[in-house]
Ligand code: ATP
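This document opens with one chain alone, in structure tokens, the form predicted on its own.
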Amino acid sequence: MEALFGGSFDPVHVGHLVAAETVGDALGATIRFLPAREQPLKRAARVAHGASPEQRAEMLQLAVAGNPRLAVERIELTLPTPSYTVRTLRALAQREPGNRFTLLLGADAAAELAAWFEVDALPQLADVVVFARPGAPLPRHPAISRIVEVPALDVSATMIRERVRHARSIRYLVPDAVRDYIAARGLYRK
């Protein structure tokens, strides 16, 4: 089974990796991280990415190196913006006919499902699995087929960008190779 874990990953952090590993174990799946070129809900809120889509994909590649269960899927970087999940799933179905995917969503993303573009088409294109921290409110939506509990880690990409902006350490919050990449390219300093 192959699962797709989409998001901004601006930057990828240990919370993303722990969630992917935990869900991969629970489902017996390999996980493809799917960096969004431009997320529509963030676009509407005028939230700009701190790193380019290519840089975010490169950081993901560094983060998953050495783990055969994890990979990076760059298809959204070639599709028109904004990055609608149904458009991505259709493009993958065309490229890989007969391959049924599982779409992984964090509880926060799943809580916004009602606002997604063509959300009613999701169940025909993929099985939707939500991962949530213990005790976190669980979203309800007809497209959701399963919920998997993942360890609670209080880390976010927003917090990491803020720490970099204020010259504070991000060691142990992101893989070392990602930390080095951020430093070498001067990301998130503005």
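Note that residue numbering begins at 1 and tracks the sequence as displayed. A quick note: this is a predicted structure, and the numbers were derived from the prediction, not measured.
There is another form of this protein, the form predicted together with this ligand, and it is not shown here; the text below is about that form.
At a distance threshold of 4.5 angstroms between non-hydrogen atoms, Thr30 is out of contact with this ligand in the model of the complex. Heavy atoms of Val129 never reach within 4.5 Å of this ligand in the model of the complex, leaving it off the interface.
Taking the partner from elsewhere, Val23 is found to have every heavy atom lying beyond 4.5 Å of this ligand in the model of the complex. Under a 4.5 angstroms non-hydrogen atom cutoff, this ligand in the model of the complex has Val155 among its neighbouring residues.
Only one listed stretch (137-145, 117-125, 156-164, 62-70) carries heavy atoms within 4.5 Å of this ligand in the model of the complex, and that stretch is 156-164. Not one of Arg37, Pro82 and Arg87 places a heavy atom within 4.5 Å of this ligand in the model of the complex.
In the model of the complex, the residues of 83-120 lying within 4.5 Å of this ligand by at least one heavy atom are, in order, Gly106, Asp108, Ala109.
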